[in-house]
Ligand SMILES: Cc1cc2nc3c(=O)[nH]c(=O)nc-3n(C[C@H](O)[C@H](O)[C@H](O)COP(=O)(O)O)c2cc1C
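Single chain ahead, by itself, as structure tokens, in the form predicted on its own.
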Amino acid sequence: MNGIFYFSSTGNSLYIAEQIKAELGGEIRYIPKFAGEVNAYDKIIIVSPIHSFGLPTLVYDFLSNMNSTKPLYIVLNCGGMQANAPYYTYQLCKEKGLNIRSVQVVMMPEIYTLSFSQPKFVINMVLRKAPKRIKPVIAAIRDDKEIVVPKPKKDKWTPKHLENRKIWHMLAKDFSITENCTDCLKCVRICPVGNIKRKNGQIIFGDKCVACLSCYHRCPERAIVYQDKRKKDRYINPLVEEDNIGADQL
């Protein structure tokens, strides 16, 4: 059986995971909640966004702690620049002694929109093209096609990723709550690292943020703002059920 592990804050990675399951079968498991044994699966497939030219903290930790010789396939997604994230991911797997077969990338709508907005027509275009882009990715996994990611001639992106990762935990210090908050506590429930608490009647952000932006995009009242900028646009992948984000599908 295939084990399809994913990390998703707005549904992009979940959508890809669901497409893989529909074609190849298997179980979809949410990485932050997984406490089982990866070796229970015949193939291990990981679906992850690219965060600032590299891997999200929780996906990096998951790979770093993995002890397996089972065939491993990684599907990354991003809304713009993939930089050298595929090579960074491939090399990490090699260094950890994992049986990495391929690292592939699929374009999906951009979610890091704290300081800019992606036009809706671009989002819609990317979503329309997503099934066609995912199809050869799934075929490569099904056929166990080995895809070696070559070393780039120059790599200015990985050092930037490593520097950015050092300060991700402080991102939430620039979040604040507006009067639109209805105290639904959805942000508290969906934070993958428990960085959001309710204390003395207020929503408090801690210093363990992993910069996934789940709370920012999925607040039903758009009451979470960044640097006091009251931007209206948020993004949740319309091709998935939002309640399935952060859940397993067995």
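From 1 onward, residues are counted along the sequence shown. Source: prediction; values computed, not measured.
From this point on, the text means the form predicted in complex with the ligand, which you will not see here.
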Worksheet item: With the ligand left out of view, which of I44, I28, L213, I31 would have a heavy atom within 4.5 Å of it in the model of the complex?
Response: L213
Practice prompt. With heavy atoms only and a cut-off of 4.5 Å, decide whether M108 touches the ligand in the model of the complex.
Written response: yes
Fill in: Contact of P86 with the ligand in the model of the complex (heavy atom, 4.5 Å)
no
Worksheet item: Contact between M81 and the ligand in the model of the complex at 4.5 Å, heavy atoms?
Response: yes
Discussion item. So in the model of the complex, is the ligand close enough to L63 to count as touching (4.5 Å, heavy atoms)?
Written reply: no
Discussion item. For the interface check, one of 71-79, 148-156, 93-101, 134-142 should have non-hydrogen atoms within 4.5 Å of the ligand in the model of the complex; which one?
Written reply: 71-79
Worksheet entry | Contacts with the ligand in the model of the complex - residues in 38-75 whose heavy atoms fall within 4.5 Å | P49, I50, H51, S52, F53
